[in-house]
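Consider the single chain below, provided in structure tokens and representing the form predicted alone.
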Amino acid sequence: MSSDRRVRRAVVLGGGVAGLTAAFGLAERGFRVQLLESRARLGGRAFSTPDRTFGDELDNGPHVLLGCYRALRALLARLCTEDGFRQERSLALAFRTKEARTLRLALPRLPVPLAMPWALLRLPVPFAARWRALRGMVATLRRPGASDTLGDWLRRHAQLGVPDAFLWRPLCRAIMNVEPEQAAAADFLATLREAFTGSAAHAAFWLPLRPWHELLGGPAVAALRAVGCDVRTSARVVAAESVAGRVAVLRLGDGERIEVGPDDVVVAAVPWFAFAALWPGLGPRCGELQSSPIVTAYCRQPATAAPLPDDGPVTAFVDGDPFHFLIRRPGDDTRHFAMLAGGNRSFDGQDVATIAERARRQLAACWPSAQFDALEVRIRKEHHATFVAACGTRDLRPVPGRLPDGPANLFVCGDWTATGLPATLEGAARSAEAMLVAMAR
């Protein structure tokens, strides 16, 4: 590497997973890195904040990883926080039905293509439904049409009914954060193939043992500074000025101007809506991407209450409404759990008291013998948790790297770019890796 390249500066906008991965990679490549984050902390959309009622930090939403998340795992390794997760060795998932039954899908520790048929055939549902689900798993190997929603794919392959309720819909909600009728089948199946065509550990959950601020945003500050990065939080970029086809000035919300030199690069690792606001008209209309929310109800039963049965860290509510999953942090009191709803617009405009009461009613329906009148509930809403990976949105997502119609020194990355994955933490990390490769060309 030449000496002049070692003194080049890279200004990274955004301190989420994509921005952190990009900053570390740029520092490794000899750049003098400055990272600007608009919020008071790093971590992007994987963060936690203190809650005075519970006396604990609550995540903005439970983020459960998969073993196949190699790029995100590499970032966690840089931060020395991989030990902050319980790393399962194979996939295990519980289901709670409206009839108050609990069923379990547990894969043996074999490669997933061998383990999944065995697990599906042992699922205690009618044999015809198990057989249809198995045929559906085989059908995932074929690529769907670009205009097919997952709902279309389910109808075409006779997956409605039990296979949909127990397999496809929970997976779609977890991966895509929307219902199958909204999700592009191609994006869903691409992610599914990656997780379910490798070893047993590829499809297994990585479950956080601590709040996300302790796993990502907090450790990142010291780790970045250790490699020479200048980290600035509460530094919101509100405008960018270009001269002669290059970004020349970044303006902050407090009026500060950051000059961008002729050899400097700017990496935009901000969400799609923030990028569209900074550079309107650039990229393939990313501002048209729609947002999907995540709403979480953190619940605590009184110490005198009998805890719910411990069905494992992740339970899917079959035909769950309004919440889709019940999640426990390994090692926590079993009376503490979270209920998560992905992409459910019925919460729009509702206050936290109403949402908490809906959570209590759903719990009472699923566990009728338990008492939830004294249940403490705290609500967290993330309105822009993910973009909606609907049919046609691939045309709205630029390839990570330099934009064909953008300034020559501007590079983009983020979970919303064309990573081949929907909006996941892994997609964010991989987008930064792809951006770094493109920059080196």
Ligand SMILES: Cc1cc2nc3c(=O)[nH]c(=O)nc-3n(C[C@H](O)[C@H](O)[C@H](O)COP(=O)(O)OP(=O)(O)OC[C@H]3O[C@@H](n4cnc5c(N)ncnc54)[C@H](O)[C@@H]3O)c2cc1C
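Throughout, we count residues from 1 along the sequence that is shown. It should be emphasised that the depicted structure is a prediction, and the values quoted were computed from it without experimental measurement.
From this point on, the text means the form predicted in complex with the ligand, which you will not see here.
Between the options G67, P398, P407, P62, the residue in contact with the ligand in the predicted complex by a heavy atom within 4.5 angstroms is P62. None of A184, V270, L167, A220 but one reaches within 4.5 angstroms of the ligand in the predicted complex through a heavy atom, and that residue is V270. Taken together, the three residues A18, S38 and A235 all lie with some non-hydrogen atom within 4.5 angstroms of the ligand in the predicted complex. Heavy atoms within 4.5 Å of the ligand in the predicted complex are found in exactly one of 142 to 150, 350 to 358, 274 to 282, 259 to 267, that being 274 to 282. Put simply, A23 is far from the ligand in the predicted complex: not one heavy atom of it is within 4.5 Å.
In the predicted complex, the ligand sits beyond 4.5 Å of every heavy atom of E57. In the predicted complex, at least one heavy atom of R45 sits within 4.5 Å of the ligand. For E376, no non-hydrogen atom is located within 4.5 Å of the ligand in the predicted complex, even though that partner is not displayed.
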